[in-house]
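What follows is one chain in structure tokens, specifically the form predicted alone.
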């Protein structure tokens, strides 16, 4: 499924919605067009980049249903916003944004990398992760992490690394992602000019991945 379509399919009804780093504004358009929110905030740190979304959502902006804000992260979003989406940023960047502002009541994050760091941060803040899985659009793999700010429980080390939902019900996309990652690591480890600490780190990562894939093949989960 197309990345944007997949993310839209996971959005839910709320009074106020915010798309942080909104790019073209497609997700806010989906929420407003389908009457899933009364008010949508679209934000970007660049006024020039925000213009793309403002053009798409011009009618909603003139009607007072969409509010464009030039700001860094959540700085221009009300703390009582019902649902916050941050998609297409790195996990570390999402952690920075949340650390400098607030943890939304409901959220959907689609980190491009460092998903493990984002999971650890959310768990440490007491967030409840309701969806945590991998999908592919045919060209790349993406992680989706959604939930709410309260009601969280403990995560295991393997769940932090791979994502809880992926372990409970491994999808073809998830398996393909880690088979591809394992193949890349084997290729890297064939190099002779690698520093010992780096080799040890990659070897440990490969062992972890191969152990998981073996368990999936044996249907241990």
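Residue numbers count along the first chain shown, from 1. Model, not experiment: these values are computed from the prediction.
FYI, the form predicted together with a small molecule isn't displayed, but the following is about it.
Proximity of residue 123 to the small molecule in the predicted bound form: non-hydrogen atoms within 4.5 Å are absent; the residue sits far from the partner.
Not displayed here, the small molecule is kept clear of residue 103 by more than 4.5 Å at the level of heavy atoms in the predicted bound form. Heavy atoms of residue 23 reach within 4.5 Å of the small molecule in the predicted bound form, making it an interface residue.
Remark: residue 96 counts among the residues lining the small molecule in the predicted bound form, judged by a heavy atom distance of 4.5 Å or less. Shown alone, this chain has one stretch from 38-46, 188-196, 59-67, 173-181 that lies within 4.5 Å of the small molecule in the predicted bound form by heavy atoms: 38-46.
Of the residues 81, 127, 144, 89, just one reaches the small molecule in the predicted bound form with a heavy atom at 4.5 Å or closer; this is 89.
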